[in-house]
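For reference, the chain that follows is the form predicted alone, supplied as structure tokens.
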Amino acid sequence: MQEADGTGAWCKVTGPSGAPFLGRSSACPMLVLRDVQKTDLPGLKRLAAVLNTVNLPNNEETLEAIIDKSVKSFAGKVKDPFEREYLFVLEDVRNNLIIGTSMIIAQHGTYDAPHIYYEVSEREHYSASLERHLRHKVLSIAYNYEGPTEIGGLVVDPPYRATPDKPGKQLSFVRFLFIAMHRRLFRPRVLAELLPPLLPDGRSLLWEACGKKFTGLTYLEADRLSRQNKEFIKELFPSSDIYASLFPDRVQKVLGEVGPATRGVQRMLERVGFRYVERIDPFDGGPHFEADTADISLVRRYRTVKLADEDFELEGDDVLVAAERESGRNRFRSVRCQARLDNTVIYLPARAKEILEVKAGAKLSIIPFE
């Protein structure tokens, strides 16, 4: 995910006469964050065809399953809250185009599908006869059956990256807003698995050196299979420690490293309270960052407010604001905009209220966007 610097960008809007005029992008929002719908499948297929990433695979059956699980999760039809998975989409309301996604997995790691990772440690060895002291990085496979909440699935359509609206940041922040709104539905720890440097064709250096040799699968095949079945990892991966020094140098260098396109995500996570926890993904070696939910700055700064009747069209606080419905097709909507806060009352631009589909007196949830 790439993010542009600065928040004071201008957006072009067409007026009643058809002539364009300019206004601040955060005061005239044109992007809406919402829960995915089954009718979004064509839009997700378009996005997946462009990107075909691990986060958004170009596979219709997989996409249908992800959408179905999310729709049932938002509707509360998945009984166990820790089995729910929520997919958010970012839509450009000017052309009804889905331009990005992000996800929350309520609990990553169950008895049926454990959270699997490599613990990274250092071992020291010394030979008195050779007077040689060596340090080795060691990978130890580990399992977590009552794992943390995981945030992931963040992708942005390339033409929208590095734009003033900061779509990647919106997609990232909306997950913390939703977690803050529903703390009891999530675990006390939050995990983010970051992508390491990959080869130009999308292959993983670690997988080519290790996982492929033990499973006979390609990186993408293994990732797709692991979404439904992790048994093959437990049965086929070596249970003993692996000394990273046995790998080629270029493989060792990517263990726990963040890929160039993901460094913006790393910086954002570190700013809100996440830290590398000396664990990596067993498939690609990407680092795991975690934080206590209660210590995440955006969660701490979450608040609920009531919508004022009057519109607000000036420059104010840059916020991410959300509204929810208990029934209906679209349960969650959120928008980034300028707002004025007066204790427990919030004043929003008319366009933001229109996109959120809310009226005066509505209960809204907000976190800062700066």
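One-based numbering along the sequence shown. Remember, predicted model here, so these are calculated numbers, not experimental data.
One more form of this protein should be noted, the form predicted in complex with a small molecule, which is absent from this view; the next part is about it.
J.: So which of V251, I116, V277, I242 gets a non-hydrogen atom within 4.5 Å of the small molecule in the predicted complex?
T.: Contact check passes for I116.
J.: Answer with one of P282, G256, G153, P148: the residue that has a non-hydrogen atom within 4.5 Å of the small molecule in the predicted complex.
T.: Comparing distances to the small molecule in the predicted complex, the residue within 4.5 Å is P282.
J.: Exactly one stretch in 222-230, 70-78, 260-268, 171-179 has heavy atoms within 4.5 Å of the small molecule in the predicted complex; which is it?
T.: Every other range fails; the passing one is 222-230.
J.: Quick one: does H108 come within 4.5 Å of the small molecule in the predicted complex, counting heavy atoms only?
T.: Result yes; H108 sits at the interface with the small molecule in the predicted complex.
J.: Hey, in the predicted complex, is E85 touching the small molecule, heavy atoms inside 4.5 Å?
T.: No.
J.: Would E193 count as a contact of the small molecule in the predicted complex, using a 4.5 angstroms cut-off between non-hydrogen atoms?
T.: Close contact exists here: in the predicted complex, E193 approaches the small molecule to within 4.5 Å, heavy atoms only.
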